[in-house]
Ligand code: IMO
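Quick setup: one chain, the form predicted alone, written in structure tokens, and binding and motion questions come after.
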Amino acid sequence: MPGTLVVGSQWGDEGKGKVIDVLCAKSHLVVRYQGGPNAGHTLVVDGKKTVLHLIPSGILHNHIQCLIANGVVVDPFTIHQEIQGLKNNGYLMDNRQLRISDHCTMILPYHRALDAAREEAKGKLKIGTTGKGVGPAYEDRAARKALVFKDLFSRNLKEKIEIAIAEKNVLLKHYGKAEQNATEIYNQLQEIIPQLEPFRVADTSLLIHEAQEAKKNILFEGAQGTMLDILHGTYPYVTSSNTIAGSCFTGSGIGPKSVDKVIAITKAYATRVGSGPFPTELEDETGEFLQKEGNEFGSTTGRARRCGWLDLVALRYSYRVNGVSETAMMKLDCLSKLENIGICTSYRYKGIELKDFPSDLEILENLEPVYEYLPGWQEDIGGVKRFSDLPENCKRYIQRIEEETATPVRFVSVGPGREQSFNKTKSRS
């Protein structure tokens, strides 16, 4: 049975975790297929907030099995903390609910140390990395010298760490940083390996195939956002993995026929964390308002997110490269107090109007956004249960986005809680 793929359509932080949590009600299997602990999915269930970095958001549903597939880079210390936190809160009581691929690339302390050292050395040219070691870990995988999850359980683990750490210490010395100690890392791992072993599995691709054969509903969960894709984003201000829908197939070990729906998670305005071009950024009171209303602070780093109007030029590009089927509109409630709401419909560069997203970074950093302003609704929508009950101006805002993206909005979120969302075409009881 073909599955559903959820992808971030902007610069990340769109609210994927909440949509996945809602969609899980009808799913049997949730698969995380790329990225690492630099992602953060925040969920609010019954007033309790849960932040996940590696474990799929479906873990809050006891009937679902969650897989971390080959394309994910896993920090064993981070995932150990997540597992313990979930168990302490009454989740993940059955170890079979979570499976981690033996072939996931490992992030170890020397990756984090190198990541931070490189970023510091860049000075004003920093790209805004989270410092979680994701980039150096993916580098090791491409260079065919990474440790993978199954190596944690190898009798030769210490030797593998010693070999891997030698090059990293040369680089750390170059940056004037303390060298990493292989014995210390090995001993730290020994304290958590027994708790991680019950979750390992040789082939997550096979588990996905078996679920398809059994006609089960499968949800594929992406991390970060399209504009941060290492090949299709605003390079070099990007993450170290492919974040577009196509990476689901390589990261999970499945074919294109395994997915029949791509849902774009789209925030009702735009945000970006870290450095890099951000055409619709508002460095004024409106930007501060959006930051406050949306609580725009990173769930992974705590950094304040840059805020701006919805960028439909970037969004059309994102929908094209992802092959989007439908939209999930997030944080609509955060616009409720505004008298007028801007949307960027095109760019202007040296007097020329651009309707398509430019690939040239120099153009992106020097263009002027062209805005259309729509009247706001200025009333609380947090308790709305169906599309027909939304204020007329709010409905018009959604319809305008549908027109510009040529894609229907199916899912609408009007607040942070699990219950504050509804299908646009159906009533919610």
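Quick note: we count residues from 1 along the sequence shown, nothing fancier. Just so it is clear, the structure is predicted and the values come from calculations on it, not from any experiment.
Heads up, the form predicted in complex with 6-O-phosphoryl inosine monophosphate (IMO) isn't pictured, but that's what we're talking about next.
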* Structure fact -> Picking from Leu354, Ile230, Ile127, Ala121, the single residue whose non-hydrogen atoms come within 4.5 angstroms of 6-O-phosphoryl inosine monophosphate (IMO) in the predicted complex is Ile127
* To do: State the residue from Ser252, Gln224, Ser318, Asn242 whose non-hydrogen atoms include one within 4.5 Å of 6-O-phosphoryl inosine monophosphate (IMO) in the predicted complex.
  => Gln224
* Proximity of Gly40 to 6-O-phosphoryl inosine monophosphate (IMO) in the predicted complex, heavy atoms at 4.5 Å -> yes
* To do: Indicate whether Val238 is a 4.5 Å heavy atom neighbour of 6-O-phosphoryl inosine monophosphate (IMO) in the predicted complex.
  => yes
* Is there a heavy atom of Val262 lying 4.5 Å or less from a heavy atom of 6-O-phosphoryl inosine monophosphate (IMO) in the predicted complex? -> no
* With a 4.5 Å heavy atom cut-off, would you call Gly308 a contact of 6-O-phosphoryl inosine monophosphate (IMO) in the predicted complex? -> no
* So which stretch, 31 to 39, 62 to 70, 360 to 368, 388 to 396, is the one near 6-O-phosphoryl inosine monophosphate (IMO) in the predicted complex (non-hydrogen atoms, 4.5 Å)? -> 31 to 39
